Structures are given as structure tokens and as C-alpha cells.
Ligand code: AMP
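Okay, here we've got a single chain as C-alpha cells, the form predicted alone, with questions on binding and movement later.
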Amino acid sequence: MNFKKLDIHPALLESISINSFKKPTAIQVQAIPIIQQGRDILGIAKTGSGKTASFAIPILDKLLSNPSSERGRAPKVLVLVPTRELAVQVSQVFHDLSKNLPTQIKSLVVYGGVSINPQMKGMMGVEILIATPGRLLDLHRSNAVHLSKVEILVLDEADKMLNIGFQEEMESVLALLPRKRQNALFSATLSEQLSSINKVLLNEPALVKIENKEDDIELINLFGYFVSEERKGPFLRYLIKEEKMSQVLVFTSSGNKADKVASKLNKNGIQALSIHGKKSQSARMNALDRFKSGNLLVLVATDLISRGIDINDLPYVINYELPRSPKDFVHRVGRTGRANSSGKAISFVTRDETHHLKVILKKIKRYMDIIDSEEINF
């Protein structure tokens, strides 16, 4: 199938072509018509499957077909995301698709960690607002944005948006929105929590769940090493040098550990930066830009930041520490093996984590060869 069969505005079709979207992905084929029809949707598809374009394209199509003459501070579309990095990524997709359209459709991205003043000034005339919940509430309290005209609400990475950490902010945001609206929730995984919450958020939603094809799963090669805690640092450095790795994304369980791992790598001649929630926005964006451009060998990140890291052809992901849940494991290793590229995901496992790893692998229905690092001389 091609995009022409999806009944998309001709000008948007041309923009899609300019941006090198060759043919719609599975989630786009199913989600685009549903959103065009004004129906609620719960879309489940793996990371790297084109979820952002699956809601950006029909939203732009609807706005093109029904242009608005109003230019106030009340956006028609609200896209909520959990992290600044993901906010920037989603905003870029909207920007790229709309910059060649005959009708100007203004979008704006807002998030914390930077000055609020430019965001307040830029709000006038915005039709599509991409935001993190905390900064959105700050702007509302400052009377810089009004949410009474929102016609479409999108929750990207909905599983993260609806967990306990965001619960209070999400309840505050939802209370400000009109009850009559179209809702679109997208996630890489369908958790029990997400299943129950969609009954509240969604009105008879269409469920679109894209199952992973066997070949897609096999694009990510899983490997494991039994490594004691004290040998993890030296073994990480050994692997990077021995396998002549390029663009290595390393995951740790905390920002403090990420800083320590990056510091040790640098002291041993391996260029690395850490990225986590306690870093300033400029430091986070600088690290991410350098890593994406290939000017940084190793990026050490935490789980929350992983949601905003989208790099085609990323060759290596290393779990320096195992995540708490199978869902987080999927998000981590899903940073590689994207857009039909192969990738390698390596996990460091201490002996007392063996049972935890078995639970993860059973849940995701994968097998992993595990080598004892004690047998490797380095």
C-alpha cells in the first residue's frame, strides 16, 4: 500500500514524499483512517514502528481540510509526552510535515528546564501544542494557554504518561480539557494499567495492536554476560574496544550511576557523556545531538530518557544494569533494530539477577545466550 490510498490531502501527500516517507508502516495503515474519521484509538506498536507519523499525518490532514481563522492561545490539538527529548522529537515530525503546506499550521513544543517566557510569547496562534504535563500546567497557571478548545488529545508513550509518577499532573490536565474531544493513546506495550485507564479516557476506542513479526524480533540480537558488580566497568571498556563498537547506548538504573559510568569511560580514553533527568536541558540536548551525529562514542542514559532517543541504525545497546520490568527492557533494546536495521543488545547480569532475567525473557518470549565473563581474559 502507498499513502495515496489513505485519502490524504494532496498537499500533505507531497510533503510526505518530500520527507522520504516511502510507504506507510503497519501502524500507520490502520491508525491514519481511524483518526481521520474522528474515532478514539488505542494504538500499540513496537518502538521504531512509525507511531508518531501515524497520528501526525491524520491530524495535519484534518487541520488542512478544516482551516481555522482563529489565532488565539487555545490550541486545537494537544500532544502530551513524558520527556523533553520525546517532545522535541515529536515536534520535529510535525514541523517537517507541515513546513511545505500551502496553509500555515503553527505547532509549538513546550517543556521544563528552560525559560518559560519564549514559550509564553510563542503561544499565540498555535494549533498543535506538544507538551510535557508539568510545563503545560505552568503555562496554564500563567494564563498563557487555554485548553477549552482542544479537539484532539494525543498521549504518546501512554504507558509512561499514565503511571503513578505522572498521575497528579495528568489528572490536573484532563480536568482542564473539554469532555467532548477525540482521544488517541499510543504505546509500545499494553499493560493492565493502560487497559483499564482507556475505559476512562477513550469513547469506544478502536484497538490497533501491531504484533511483532518474527523477522522484526530477530533484527535485535540479544546477548548476555554474567558479570560481577566490580567487573562491570572494566568489562564494558573491554567490550567497546574489543568489538570496535561505534555509537553505544548504555543504560543504567539511576542518574548517579550514569555519571559514574561515563566518568570512568572518559578516564580510560573512551569518549562518553551521561544523560538523565537531573541534567540541564541544554546539556541533555547537546549530548543527544552529539551522539546522533556520530561525534560521541558512548551515551549513558536512564530509562526515562530512553523514550526520547530515536536513532536509525543504532548498532549497540548495553544494559549495564537490568531494568526493573520487561516493559522497560523492551523500550531499552528497542532503541536498536529500528527501521528494519539489525542491532545488538547486550545485558550485564549478576548471578543473583538470574531469576529476574528469566522473568523478563519469559514475558517477552525471547531466549538469550549468556556467557560467563570470568572465562574472558581482559
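Just so it is clear, the structure is predicted and the values come from calculations on it, not from any experiment. Numbers for residues come from their place in the sequence shown, where the first is 1.
The form predicted together with this ligand exists for this protein as well; it is not shown, and the discussion that follows is about that form.
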Contacting member of Lys327, Lys344, Lys62, Lys46, with respect to this ligand in the model of the complex [4.5 Å, heavy atom]: Lys46
Exercise: Gln28 in contact with this ligand in the model of the complex, heavy atom 4.5 Å: yes
Residue contact check: Lys365 to this ligand in the model of the complex, 4.5 Å heavy atom: no
This ligand contact at Lys23 in the model of the complex, heavy atom, 4.5 Å: yes
Close approach of Thr52 to this ligand in the model of the complex, 4.5 Å, heavy atom: yes
Among 52 to 60, 33 to 41, 346 to 354, 316 to 324, the region lying within 4.5 Å of this ligand in the model of the complex by heavy atom distance: 52 to 60
In the model of the complex, residues of 348 to 370 near this ligand [heavy atom within 4.5 Å]: none
